[in-house]
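The chain below stands alone and is given in C-alpha cells; this is the form predicted on its own.
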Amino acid sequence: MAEKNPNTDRPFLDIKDLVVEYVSDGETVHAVNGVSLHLERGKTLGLVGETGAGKTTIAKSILRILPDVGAKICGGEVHLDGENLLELPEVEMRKIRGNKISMIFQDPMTALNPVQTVGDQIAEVVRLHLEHGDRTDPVERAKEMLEIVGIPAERFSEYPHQFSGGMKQRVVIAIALACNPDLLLADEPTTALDVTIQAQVLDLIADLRNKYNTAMLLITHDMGVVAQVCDDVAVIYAGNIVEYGTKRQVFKHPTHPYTIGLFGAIPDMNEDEEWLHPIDGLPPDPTNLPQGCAFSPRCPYATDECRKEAIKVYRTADGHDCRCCRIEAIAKKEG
C-alpha cells in the first residue's frame, strides 16, 4: 500500500461506512449501503459496477452535490486529507469544489454551457477560486489549460457546438483540472465517446494525473478502462463493495461471483465463442433489497447461509477483500 498522510495517519481520501438513501413517492431507495474506500495521492481507484449500483451517488456524496430534496446521507464519514467533508458548513464546501476536488461528468454534451465560450467557462472556474493576492490571470490560465489538453489556445472564444464530442470532453477535463485539484472524480468520462477517442481521453487523464500527482476515483462499468488506467479496483453491487483489491489481484484472481460474472461477460479474443455469457437475472430493486447477500438471487453458488443475514468481508488467499462466504468453494471450482 502507498504511504499514508503523515499528518493524519489516514489515506488521502478515506470513506468509512457511507450510507445514502433517496426517498421518492413514499419509497426508500437504498442507494449506498455502508461503503468504505480509501485512496492515496497519485493513485487511481476504479469503482466498477452496473448502472444503478451506487457509483455516481458515492462521487456526489464526496462533493456533497446530492439533490436537496429526497436524498440523504444517513451515516458514515468522508475524510479528505484528514478532514471530514460531511461535517463542513456549505460555505467551506464551496471553496473545496473545483479547487481541492473536481469532477468530470459522464456526458460532455450536457456538462458545458451552450451559450458561453469554452474559454470563459474554464476562466470562470479559475476566477471563482482565486485567493486574495493571487495574480493569476484567469484568461491566460484558461488558454494554458486548453493547450495542456490538446486544444489550440486560439479556440478560446469558440462555443461548445463548434467542438466534436471528444473535444468537448477535453474541455470538461480542462475545467476540472484548471485549479490543480488534489482529487479528481471521473464519472464514466468516456461513455459518450467512440473507441478511438476513448483511448486518447484516457491517456490524457492518466498523463495529467501523473503530472499533478492527483488522486483519482474513476467510475466505470468497463473493465478495459480499469485495466488501462487504475491501480486498485472496487467492485460495487447494489450499493455495497463486494470485491476490493489491487488491479492485479482482482484481474488475476476474481473471487466474488459477481466479479467472475463481469469478466465472464467480456468476449475472449483468443477463443472462438458463439455466444457471450451474461450474468443471469437482473439487479435487485433498491427499494426492496434481498435479505442477506444482495447477489444471492443471481448467484450459482448461493446457499441458505447467503440468504439469511448480511455477509461480512473475507480475505482471499492473495490478500484482497471479498464480501462472500463461499470463497473456498468458488476457488475450488474456478481453480
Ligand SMILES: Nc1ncnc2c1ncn2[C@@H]1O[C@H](COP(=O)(O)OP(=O)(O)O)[C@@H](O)[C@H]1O
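What you see is a predicted model, and the numbers here were worked out from it, not measured in a lab. Residue positions are given as counts along the sequence shown, with the first one as 1.
FYI, the form predicted together with the ligand isn't displayed, but the following is about it.
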Given the ligand in the predicted bound form, answer whether the residues 107, 185 and 189 all have a heavy atom inside 4.5 Å of it.
-> no
Among 306 to 314, 25 to 33, 293 to 301, 38 to 46, the stretch whose residues bring a heavy atom within 4.5 Å of the ligand in the predicted bound form is 25 to 33
Could you tell me if residue 62 has a non-hydrogen atom within 4.5 Å of the ligand in the predicted bound form?
-> no
Using the partner position in the predicted bound form, report whether residue 67 sits within 4.5 Å of the ligand, counting heavy atoms only.
-> yes
is_contact(residue 283, the ligand) in the predicted bound form, heavy atom dist at most 4.5 Å | no
Residue 51, heavy atom within 4.5 angstroms of the ligand in the predicted bound form = yes
